[in-house]
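First come two forms of one protein chain, each written alone as structure tokens, so that there is a structure 1 and a structure 2.
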Structure 1
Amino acid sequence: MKLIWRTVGRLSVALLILMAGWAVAFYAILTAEINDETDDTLEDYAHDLITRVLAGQTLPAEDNGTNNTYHLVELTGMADAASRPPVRYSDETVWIASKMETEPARVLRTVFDDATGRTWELTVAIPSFEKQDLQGRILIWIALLYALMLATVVGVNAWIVRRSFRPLYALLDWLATVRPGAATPPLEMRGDVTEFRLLGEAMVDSVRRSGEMFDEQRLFTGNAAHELQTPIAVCRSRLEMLAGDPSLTERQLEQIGAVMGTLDRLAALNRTLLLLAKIDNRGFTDGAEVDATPILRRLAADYSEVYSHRSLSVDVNVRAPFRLTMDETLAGVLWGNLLKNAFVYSLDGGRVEVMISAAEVSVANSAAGGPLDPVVIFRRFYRGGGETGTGLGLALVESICRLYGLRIDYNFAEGRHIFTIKPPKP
């Protein structure tokens, strides 16, 4: 889940709850205020009438054309006069003569004594339909405004979060372009948020350091392989001189021969390492269009001769020429290692099949065992059982593929290891 949606989602839920509470409270307060105002109006009306009664002035008609009504009764002498509360509010249904109908109304009853000691009860009433209308409208408006406000706040939040995290996304995009061994592109993070700036600086620093380490290691491998060349050659020539000594016995000569064989393997290993280092250092830059078919045909013939004792059957099927723009030497190394790998690890009496089409080249060989782990087979010095190879063949193939952007896949099907090479995506 993206950070922005997580943030906006949480904000929305929190706001939904908090603002709903706010809206309910606001509605309750408004309603209470309206009720209170109604009561205040009733009170004013009652007090006005009472002061008129006390002053001995004439009262307006009981039904005076407005919706407000009043009713004055003398309680003097009545048994319950003293027990009635002096001020009493209630909600009742009253008859409004001017409208010829009953309406729900707020009613105030006030009991008072005049100067002569007579007790009166004044009843005043205001219809509450206006109040209910008002409250209904307010409810609708609050609901509408609540929805609008929620939508606005969530929208604004989404916008702010998206804007605020822009440097983070810039950093992520930049990280995706960083490749070890390649030049580090400059990081462009706009904005002056301290945290993002520090994060960006830390990332750039870290990428730079790991790049330096990568380069250093690559250089070291190359140098080491280069420096080893001379001692190996010296060893080899001294052994040859030693072998020329006529006083040596047959057994000693055999021993020297075995050491020279090992030295040859060491030299081959060293050459391969040098080649790997050169490939990784972009030592091969020039390229020409190279057709895979003649190379593969020649290699297949060579290897079937070398491994003739294992009675392998070899097939090279060409449907269409497969052409790549690359260094010619590297093309030889690529196809050679792939094919040699197939010969070396094939089952005795098995079959090596090369399929060439315009879209891909696949090399298949009968497997002695089960499928290989595709994660480790391209690692340097990985050897699947046999001790004959350097363990660098597939690593070389992979390095060359990486250099030219070729795609290499490993599959295991019908008891065969199949390596497929496809041209870079256009």
Structure 2
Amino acid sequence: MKLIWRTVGRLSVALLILMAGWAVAFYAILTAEINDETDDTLEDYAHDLITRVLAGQTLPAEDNGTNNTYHLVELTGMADAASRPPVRYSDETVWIASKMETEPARVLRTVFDDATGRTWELTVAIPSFEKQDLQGRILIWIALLYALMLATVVGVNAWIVRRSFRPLYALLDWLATVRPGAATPPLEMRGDVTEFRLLGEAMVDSVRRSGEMFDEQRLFTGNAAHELQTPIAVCRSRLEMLAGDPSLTERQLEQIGAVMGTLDRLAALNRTLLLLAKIDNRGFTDGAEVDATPILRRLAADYSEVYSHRSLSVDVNVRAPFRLTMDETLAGVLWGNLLKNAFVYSLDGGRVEVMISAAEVSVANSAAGGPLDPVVIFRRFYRGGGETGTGLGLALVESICRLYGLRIDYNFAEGRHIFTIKPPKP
């Protein structure tokens, strides 16, 4: 998730909580203020009626044609009078005779004594506001205000983030162009933000040091592999001469044969390392259009004969030619290592299937276990299926794909390892 959208999401939640709290507080304050003003009116109305009662004047009719109503009741008995509080307020629904309907009202009840010592309870009611309507209106306006504030915050935040983080975006774009072994492109960061400037300097220094380490490692690998060629050849030659000695016993010949087998594996490993070093050094510059179909058919036939003792079934299905522009030698190495990996790590009696189309080439084989780790499967010297081989086959395939911009994917489905190679993105 991008930084701007994560920031907007968190701001939205914070604003929602803030606006909800504000709406509750606003409703409470507004209700209290309206009730206070209504209570003052009720007190004036009740005071006027009590004054008339005490003065012996005639009271207006309870149904006086207005929305204001009152009700006067004499309290009989000391217990009844003592149980009523002197003044109390409440929100109720009262009947308005002139309108023949009920309405919400604010009600005041007060107890007083007249000149003769009689105790009365006066109930005065004034129509109030519809609280549900008020709540609905407040909710609507709060929602509109929240939407407006959110749109404003998103727009302003997007503008601020994009302008403030321009150096960071420039750094990310620059990092996307950095390639190991290639010349480091110049970094142009505009702006005077100290943190971004220091970050850019640190990244440039880190990329430079990583490039130097990569070049040193690549040079060491190539030189070491090249220097090992002669000693390996000399050792093998002397062992062959020694094996020709008629005085050697059968046991000694077996030991010499084992050593020569080890040297052969070491020579194969050395040749692969040299090839990897040459690929990393961009030593392959020639290119021609190569069709994968004849190469894969020939390799499938060769490997079927080599591994015939394992009773593997091999299918090469061609839907359309898969052509790439690349070095012909590397094309053979690419398809050879990919197909050999399928034969070596397939179950005895299993199946190797090659699917060729214009869009991709997939090589699948029956798996002996579960899926491989896609994070480390293309690393050098990684052997997920045991100790067989040098662990450089898939690393070599991945290096060739990286050299020509090919895409290689690994999947595990229906008990099969599936490797798919696709052409570069247009």
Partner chain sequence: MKRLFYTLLALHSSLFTLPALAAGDGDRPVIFEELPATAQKLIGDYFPDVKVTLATVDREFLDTTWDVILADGTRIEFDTRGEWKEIECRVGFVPEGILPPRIASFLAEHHPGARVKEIDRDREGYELNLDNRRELTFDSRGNFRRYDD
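Along the sequence of structure 1, residues get numbers from 1 upward. Because the structure is predicted, anything quoted here is derived from the model rather than measured. Definition used throughout: the rigid core is the maximal C-alpha set that superposes within 1.5 Å between two forms.
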Q) Which structure would you label as the form predicted on its own, 1 or 2? A) 2
**Q.** Rigid-core frame, C-alpha of residue 164, shift of 2 angstroms or more between structures 1 and 2
**A.** yes
**Q.** Core superposition between structures 1 and 2, C-alpha change of residue 260 at least 2 Å
**A.** no
**Q.** Residue shift check between structures 1 and 2, rigid core fit, residue 119 Cα at least 2 Å
**A.** yes
Q. By how many angstrom does residue 39 shift at its CA between structures 1 and 2 when the core is held fixed?
A. 33.0
**Q.** C-alpha positional change at residue 199 between structures 1 and 2 - rigid core reference, Å
**A.** 4.9
